[in-house]
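Next comes just one chain, in structure tokens: the form predicted on its own.
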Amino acid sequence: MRLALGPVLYYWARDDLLAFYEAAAQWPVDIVYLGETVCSKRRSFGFEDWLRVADQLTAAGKEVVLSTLALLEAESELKTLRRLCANGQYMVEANDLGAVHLLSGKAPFVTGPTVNLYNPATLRLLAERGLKRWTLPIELSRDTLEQMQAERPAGVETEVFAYGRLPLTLSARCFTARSHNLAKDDCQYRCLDDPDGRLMRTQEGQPFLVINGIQTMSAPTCNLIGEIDTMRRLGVDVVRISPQSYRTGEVIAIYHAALHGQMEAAEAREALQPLMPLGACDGYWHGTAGMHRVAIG
């Protein structure tokens, strides 16, 4: 199995992004996804900036994939999408069906976890149109994955979102702006204040969700480190780590060691504990509520 670094889902300052990807060039990841997937107002990097970083990571031996927005709301966003899909150099991760439509029959592509691939018939249909790798939607279980893998088309790889806060939903409304009593069109880029999202608690004070602009995420961190043997048995090709603002390199090192038999699952789980500020969750993988933690340790 190969290890992938997913796109940064948060809004980080330009210097922070540059430093992150400079470090990523040295990390033991095989694939790096680049691009803004949440909000087009996040402009720390422009299109040419992403291409420059892509070139640098390619020179460092990484496979680079350019990621698209998961929710498009304006003609300007569609224009950027068309340009990205027609880049002619790097494979594209389609995060909505609009991107799938633009890429179908024109270039090989990947689907991200926000594309609802729920059955083998859809996999076969997209494979005929150029799908090379699909990412299991985060809400699906290992049992569903096993069914999908049994009928997976030849030449199509499977990727699993294995670590990071789960990207649950997207909305036309900006929750971060609303939480600051600001209009979406005058958000003042307040997402920059929350490099790992803005935590929401229940009335009882328990961590519940994280808001990230127009995106809602899980408060605990999805962690499937103990499921590597199961994934390998099911024929999973790629394991995805979603970036966080701190110690992502350590997370990658632990997963790399586990993938290559250099660290037992229990030891890896223990090593990851201090890197997850609100604990772990793995409920979706086990077919129950996503916020639950089923694995022991």
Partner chain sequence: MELVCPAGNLPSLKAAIDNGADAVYLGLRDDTNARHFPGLNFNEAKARQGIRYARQRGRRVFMAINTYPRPDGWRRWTRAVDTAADLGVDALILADIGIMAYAHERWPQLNLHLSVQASSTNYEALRFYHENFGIRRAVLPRVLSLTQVRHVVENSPVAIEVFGFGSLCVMVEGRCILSSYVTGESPNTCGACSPAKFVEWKETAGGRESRLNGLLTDRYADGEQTGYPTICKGRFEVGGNTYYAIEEPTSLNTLELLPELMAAGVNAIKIEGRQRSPAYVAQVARTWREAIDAARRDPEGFVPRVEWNAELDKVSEGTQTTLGPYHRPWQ
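What you see is a predicted model, and the numbers here were worked out from it, not measured in a lab. Numbering follows the first chain given and starts at 1.
Form predicted in complex with the partner chain: not shown, discussed below.
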Check whether residue 175 has any heavy atom within 4.5 Å of a heavy atom of the partner chain in the model of the complex, and answer yes or no.
yes
Verify the contact flag for residue 86: yes if a non-hydrogen atom of it lies within 4.5 Å of a non-hydrogen atom of the partner chain in the model of the complex, no if not.
no
Tell me, yes or no, whether residue 189 is in contact with the partner chain in the model of the complex, where a contact means a heavy atom of each within 4.5 Å.
no
Contact with the partner chain in the model of the complex for residue 227, defined as at least one heavy atom pair within 4.5 Å: yes or no?
no
Counting only heavy atoms, which residues in 161-191 are within 4.5 Å of the partner chain in the model of the complex?
166, 167, 168, 169, 170, 171, 172, 173, 175, 178, 179, 184, 185
